[in-house]
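Before any questions on how it binds or moves, here is one chain, the form predicted alone, in structure tokens.
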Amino acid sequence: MSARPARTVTPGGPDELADVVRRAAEDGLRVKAVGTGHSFTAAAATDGVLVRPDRLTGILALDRAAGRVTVAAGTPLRLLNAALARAGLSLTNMGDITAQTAAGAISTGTHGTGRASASIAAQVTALQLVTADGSTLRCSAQENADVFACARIGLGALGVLTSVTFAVEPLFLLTAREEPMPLDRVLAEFDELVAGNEHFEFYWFPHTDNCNTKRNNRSEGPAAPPGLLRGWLDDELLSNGAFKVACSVGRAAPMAIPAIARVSSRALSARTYTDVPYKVFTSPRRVRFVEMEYALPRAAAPAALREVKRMVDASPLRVSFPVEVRTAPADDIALSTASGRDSAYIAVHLYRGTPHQAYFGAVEKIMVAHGGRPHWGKIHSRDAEYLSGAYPRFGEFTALRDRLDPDRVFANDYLRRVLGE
């Protein structure tokens, strides 16, 4: 996807950004802030004023005693994670990639997996945004609490974030256990695997009965990261280099995909390692893909995945990418995919350039039948009519939007589809 904004700006702080928003409104132009372009939707597209985050970066305040760090909204997560580790601190949980900005990650609901620890947005304790009239609004559970309840996952509809404050804790160690496991066993023991580990996720390889599981739990240490050779072999050669070759072959010759999947699903052997959180939670992702992800009530995940497997097995589809399953506890954010319910996430991918409509459409029907909520930054076809029924607090969000942005300064086609006019 692409956009051709009327002008592009790189403000250096909240005051400059406020002036940008005021001038855009005077000129009758819409305003959208972009992050690193990681979303698969057109959430940040505009033909008006595009705000780039290049100069809105860096740690603004660090309060060890309170366990808080405030960062400029455009700060990339990869830089935040490394800076926190150097300071002996860490986020409690994070996703598996670090390409996004702080604002982009929370605005679209980026999450990892956790039994009791939730998305990145759920770790936000305060934020600041510039609203449609060019004023600056500070929000927390104590200040403008109604805005805070919505703006942590605001889709860019309520204003442009300038800073985000996260809860942090002293740096800790995680031990990761990666282990192949049959799909039937994973699904039969799903509840026990989730309850028995702080962080559990797995990947199922379509056209096979094979999964690769990952369990992350806190450790007293000592640190024992993967050896250089083993780390390169698993994370670069097999998970990226060889996998990219396999995907390329599969795209050129789809009938070979089931055989490739049987080999790929057995390529990674069990391993255990211990390191600081961001080195365990995150992984390099160098193979380009398109993705759709739905959040379901946690109890529905095994049945839904079995339906996906039956659908793939009975269809002519050839799926080269594994299906990823993660979990999150319920949270209190209005448009969080885990809002009000313990959730499981089922994410499907295809190699970039592979037609995805038939596969994603078939999976989406299954997800919708289970009350699924689509990830805001990933491909889906849902609209405001569906989403207003999927989110009990949808009306709360849209009413706040009407108050903060009555003239739709921050609107675009994507927001009109998912939130309505």
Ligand SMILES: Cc1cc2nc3c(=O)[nH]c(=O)nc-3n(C[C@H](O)[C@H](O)[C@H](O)COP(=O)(O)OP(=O)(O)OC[C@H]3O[C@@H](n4cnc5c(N)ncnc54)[C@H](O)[C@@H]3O)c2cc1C
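Quick note: we count residues from 1 along the sequence shown, nothing fancier. Please read these numbers as outputs of a predicted model, since none were measured by experiment.
Keep in mind that the form predicted together with the ligand is not shown, yet the notes after this line are about it.
The candidate spot formed by 91, 173 and 277 is out of contact with the ligand in the predicted bound form: none of the three has a heavy atom within 4.5 Å. Comment: the ligand is not present in this chain, but in the predicted bound form one of 71, 105, 348, 328 has a heavy atom within 4.5 Å of it, namely 105. The contact with the ligand in the predicted bound form, taken as any heavy atom within 4.5 Å, belongs to 43 out of 367, 43, 379, 49. Comment: 154 to 162 is the region of 154 to 162, 306 to 314, 190 to 198, 175 to 183 lying near the ligand in the predicted bound form, near meaning a non-hydrogen atom within 4.5 Å. By the criterion of a heavy atom within 4.5 Å, residue 33 is counted among the residues contacting the ligand in the predicted bound form.
Remark: residue 254 does not count among the residues lining the ligand in the predicted bound form, judged by a heavy atom distance of 4.5 Å or less. Although the partner is absent here, residue 285 sits close enough that one of its heavy atoms falls within 4.5 Å of the ligand in the predicted bound form. The ligand is not shown here, and in the predicted bound form it never comes within 4.5 Å of any heavy atom of residue 85.
Of all the residues from 77 to 113, those having a non-hydrogen atom no more than 4.5 Å from the ligand in the predicted bound form are 95, 96, 97, 100, 101, 103, 104, 105, 107, 108, 109, 110, 111.
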